[in-house]
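Take a look at this single chain, the form predicted on its own, given in structure tokens.
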Amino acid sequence: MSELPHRVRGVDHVAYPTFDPAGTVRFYRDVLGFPVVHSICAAGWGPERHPDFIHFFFDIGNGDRLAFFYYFGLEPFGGGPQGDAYSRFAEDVPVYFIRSRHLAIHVDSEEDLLEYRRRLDGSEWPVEMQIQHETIESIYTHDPNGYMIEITRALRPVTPQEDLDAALTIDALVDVVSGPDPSMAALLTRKAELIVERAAAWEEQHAARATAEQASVPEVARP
């Protein structure tokens, strides 16, 4: 039995690629009731020939999340020799697509993250990348099965405003991928349209909430 201190705090997120983001959103959000809690629109990201993509997350309880990648313009493909021990991809499948399938495990602090880096770097499976991106900092390696493993810490909390942004982004994505030419530009345009369309409803909700709060204040407390 290992006597090393146990510092991990469960699953941060599990991530997979999808060619059907609309169906994925319908299944997890609309059928199972898992809220969309975060999304990342990555335009012009990464090395040469890396397409625009969206990375979106569902709340699966206990602070854990299930995430998916959708790559604009990437067509479905069959099996082949690449990938982990249980999933194989053709030789021409981009590495970024294969690596999008990974498990991320959360730790509380930079100290803990660096401790796991020390352990990995002293093993047969040293850290391959250490990256700060958006709200997290992560280290990555592959396990003996070929699975990419991420250990991650939060750089800051995700705000309620970002949750609202994620919901708008996913609604825009579902609309765009149903059209003839999905792209990051089309996604951002549709998202802007949804913001304009919903602005009046948000203002009405805010006004109604303010009125209800004012009505709940006792007469003696009112100015």
Partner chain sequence: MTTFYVLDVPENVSVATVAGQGPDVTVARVGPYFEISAPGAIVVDRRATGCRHAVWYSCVAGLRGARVTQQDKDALRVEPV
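Residue numbers count along the first chain shown, from 1. Quick caveat: nothing in here was measured; it's all calculated off a predicted structure.
There is also a form predicted in complex with the partner chain; it is not shown, and the following applies to it.
Heavy atoms of L32 never reach within 4.5 Å of the partner chain in the predicted bound form, leaving it off the interface. The partner chain is not shown here, and in the predicted bound form it never comes within 4.5 Å of any heavy atom of D175. In the predicted bound form, the partner chain lies within 4.5 Å of some heavy atom of Q132. In the predicted bound form, at least one heavy atom of Q161 sits within 4.5 Å of the partner chain. Shown alone, this chain has one stretch from 56-64, 23-31, 183-191, 36-44 that lies within 4.5 Å of the partner chain in the predicted bound form by heavy atoms: 183-191. Annotation for 191-213: interface residues with the partner chain in the predicted bound form are K191, A192, I195, V196, A199, A200, W202, E203 [heavy atom within 4.5 Å].
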